[in-house]
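First, one chain by itself: the form predicted on its own, in structure tokens.
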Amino acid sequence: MPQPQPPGAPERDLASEAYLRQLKKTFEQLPNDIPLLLFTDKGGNDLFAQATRQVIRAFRELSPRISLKEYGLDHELARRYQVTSSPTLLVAPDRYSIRWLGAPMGEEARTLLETFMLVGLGQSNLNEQSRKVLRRIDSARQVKVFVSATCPYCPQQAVNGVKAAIELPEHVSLEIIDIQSETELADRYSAHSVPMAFANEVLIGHGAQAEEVFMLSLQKLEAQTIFIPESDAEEVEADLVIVGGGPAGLTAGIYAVRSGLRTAIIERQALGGQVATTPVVENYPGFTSVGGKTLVDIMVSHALQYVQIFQGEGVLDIAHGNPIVVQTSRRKFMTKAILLATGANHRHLNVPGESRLAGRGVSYCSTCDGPLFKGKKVLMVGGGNSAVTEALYLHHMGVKVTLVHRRDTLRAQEFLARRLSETGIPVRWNTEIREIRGEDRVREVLLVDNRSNQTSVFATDGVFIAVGYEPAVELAGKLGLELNADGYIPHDGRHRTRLPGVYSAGDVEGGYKQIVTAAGQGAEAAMTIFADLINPYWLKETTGAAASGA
């Protein structure tokens, strides 16, 4: 019996058709052709070559501007362009030095789309701050960005490289390298956690970077973590600024705008927060089972119908006053209220070797880095829902995974624990990692039985860590907000902090760390903010205090 279509499916189909029509219209307006050269080996019958052709074929249906010619690795043009691996895709090679090693599938198709748009436009679309930094480069920069098809953070970093190559073609060359296709190259660079960017063989970025930070790292040939604008950028006036683009922030944005508030969302990394890297979500109402990234895309698409989102901007400072001033890496926001929906970051084990080997076998995202470990042996550390879900994901991907848990029972839901048992994934109970070892990459770990205190060495190719999260409270500190005993932002029952006009929602408050609760708290906070801006409670308190003083 055929399964019924979920509610809203026809609307999503219509939305997809409308999106394709809009893409075609956009391509029609591009002034430049987009010639592609594809180099393959052995007749180009391997899966990656076939997938590359399929992706390009889909894009060519959108525009006659896109053309494709295919050659073997023994062709004269392969020698001319120094192409040695299959498949390799060159994009407009007479104008730019942009090449793709592997197949642009999954998340990488987003990067390819934006690359085509920028090449067809003939402009980098860099903001003025980034352009100023890039123009200081007066020597060659050979950039390599390692990515994977399942990494939602990779497109942001890869497009940074594309923009640099288009803005400064005389100095910047770019290789976007798929770690699943180019495993040997990834091993050579120890690129086991993506995205990872190199320039002139120097690591300049691990993880997605804001545009300006990437350009500064490229210019200095050294990884940078912050960019201070040389002068004030554009000012944005708002009723509410939401810091954080996870479920809490996105939901708050929808509710705030629907209430009539001028609202902006600022997110320095990938939208969706932790959900974007969750392989499968099985407890969100309306979806029996849905990929975390798919759920995020639905949320973001909904939010964009209402609220303006400023992605890739890090908040540098917040000055509490009337108005509240929020300075990001690109502009200044003047707002009546601010909502901190900054979520939480991965908790670390804090053992020797963890930070040194991060990205070289130590990973916090199975969705991003799992493909590289297919057929290899890894440890998954943790005993909660995230650890078990990611262990199951790795197992079904073909990774030989063993779960390490410091207790004798799992904290994960019974349903997940049962699935873990059914798959036969080994579990090392009452065991902790004392040290992660390896020179250039993870080779082994030192385990300790916390009952007997006996140690043992476990040979492994990788260590995936899912031991919970720590609240992202740096901005709360900048505002002078004191944290509670557990390190979260204290608030009243309506998400107000002790500072008038400053609110919080989601994982940064503690409590149940679930997608549905974060979304609910975002909605609650937005409605509270709307009511408070109409009738500010802090003015009442000031008036009352003055009256009692009189």
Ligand code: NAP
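Note that residue numbering begins at 1 and tracks the sequence as displayed. The model shown is predicted, which means the values in this text are computed figures rather than measured ones.
Keep in mind that the form predicted in complex with the ligand is not shown, yet the notes after this line are about it.
In the predicted bound form, the ligand stays beyond 4.5 Å of every heavy atom belonging to Asn32. Among residues of the shown chain, Gly384 is one whose heavy atoms approach the ligand to within 4.5 Å in the predicted bound form. With a 4.5 Å cutoff on heavy atoms, Arg330 does not count as touching the ligand in the predicted bound form; it lies far away. Taking the partner from the other structure, the ligand in the predicted bound form has no heavy atom within 4.5 Å of any heavy atom of His192. Among Pro169, Gly468, Gly260, Gly122, the residue placing a heavy atom within 4.5 Å of the ligand in the predicted bound form is Gly468. Scanning Arg347, Arg418, His75, Lys220 against the ligand in the predicted bound form with a 4.5 Å heavy atom cut-off leaves one residue, Arg347. With the ligand left out of view, the stretch that reaches within 4.5 Å of it through heavy atoms in the predicted bound form is, among 102-110, 170-178, 157-165, 399-407, 399-407. Scanning 248-284 for heavy atoms within 4.5 Å of the ligand in the predicted bound form gives just one residue, Asn283.
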